[in-house]
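Just the one chain here, laid out as structure tokens, in the form predicted on its own.
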Amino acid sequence: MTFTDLPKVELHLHHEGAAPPGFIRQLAHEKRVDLSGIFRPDGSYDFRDFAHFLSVYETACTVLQGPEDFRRLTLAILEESAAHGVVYSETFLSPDFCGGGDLAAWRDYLAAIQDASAEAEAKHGITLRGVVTCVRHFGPELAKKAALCAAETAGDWIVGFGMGGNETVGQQGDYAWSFDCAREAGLRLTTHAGEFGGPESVRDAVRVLGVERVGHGVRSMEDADLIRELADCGTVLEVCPGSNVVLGLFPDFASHPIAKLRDAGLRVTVSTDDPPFFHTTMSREYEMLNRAFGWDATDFAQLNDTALAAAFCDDTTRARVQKRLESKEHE
């Protein structure tokens, strides 16, 4: 069995950040928008560092202008994910990019995304669920609008709330109202921390915002007390090794702390973050973990078990995905 054939569960995927560059170029062509400045000569996304990455990301989003664009985008993302063995994925969706935080517009975008999700599940056998995210560097007031959109559409498909964006802007606690709003609506919680912020950002995510999952969280390795706290409370880390390497947190896969975090008793999962930006796929993540740490099919099955247990979907969906995993593992 190849790394591509291995079934996979992915919990940390930014919807717009998963847009293939060719898809964005095609939309730009259709809309007669010049986005040439965000691509390299080979057609891939071009950015220098994390701040520039955010700028390029937001520029690419300017051609995603309506529900139909997001329907097409969702189909493209899920076809690509399924081609790499993903059977269940949670995607981060921002109302800021889907109607500007307006609830009525958000409902229209969401309907289009869900329609594409159902089509892809029937065609490719991949299940998608949505986690609404506010964008940290857009500020707490816009975060409240995102949280209200999340709360009003919470249910079987919108299953969580989180926060992405520039981790160096503000404090986790600045967004407590939004997380409280989502929690009261029955949504489960995650937030980015411990990527460009240090261990204290992870501690605040857990203690102040009350999240059960942390996006990235790799800087936790710098604080032994925090490691013990996370292990004791069962916090799940949505680790994205390839993203961390490309953005310069670690020089290569062998230097990445995911194996040490796992050995320390933390519940770790593996995801791609923004795959075309970081030249990765779930298959490549598995392959590089195999090369760096010798992880094999047994290790990857354990990652799936951790990820599926931590998924925000309902138990009926979880059971269906579990059967799909078991079926593919025995092919």
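Residues carry their position along the shown sequence, with the first being 1. It should be emphasised that the depicted structure is a prediction, and the values quoted were computed from it without experimental measurement.
Keep in mind that the form predicted in complex with ligand ADE is not shown, yet the notes after this line are about it.
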property	result
Selected contact from 247, 176, 221, 151, since only one has a non-hydrogen atom within 4.5 angstroms of ligand ADE in the predicted complex	247
Contacting member of 129, 213, 216, 256, with respect to ligand ADE in the predicted complex [4.5 Å, heavy atom]	216
Partner contact for residue 63 in the predicted complex: ligand ADE, 4.5 angstroms, heavy atom	no
Partner contact for residue 28 in the predicted complex: ligand ADE, 4.5 angstroms, heavy atom	no
Ligand ADE contact in the predicted complex: residue 164, any heavy atom under 4.5 Å	yes
Exercise: residue 243 in contact with ligand ADE in the predicted complex, heavy atom 4.5 Å	yes
Output flag, 90, 159 and 188 jointly within 4.5 Å of ligand ADE in the predicted complex, heavy atom basis	no
One stretch from 262-270, 49-57, 32-40, 296-304 that, in the predicted complex, holds residues within 4.5 Å of ligand ADE by heavy atom	49-57
Residues in 12-31 close to ligand ADE in the predicted complex, defined by a heavy atom within 4.5 Å, in order	14
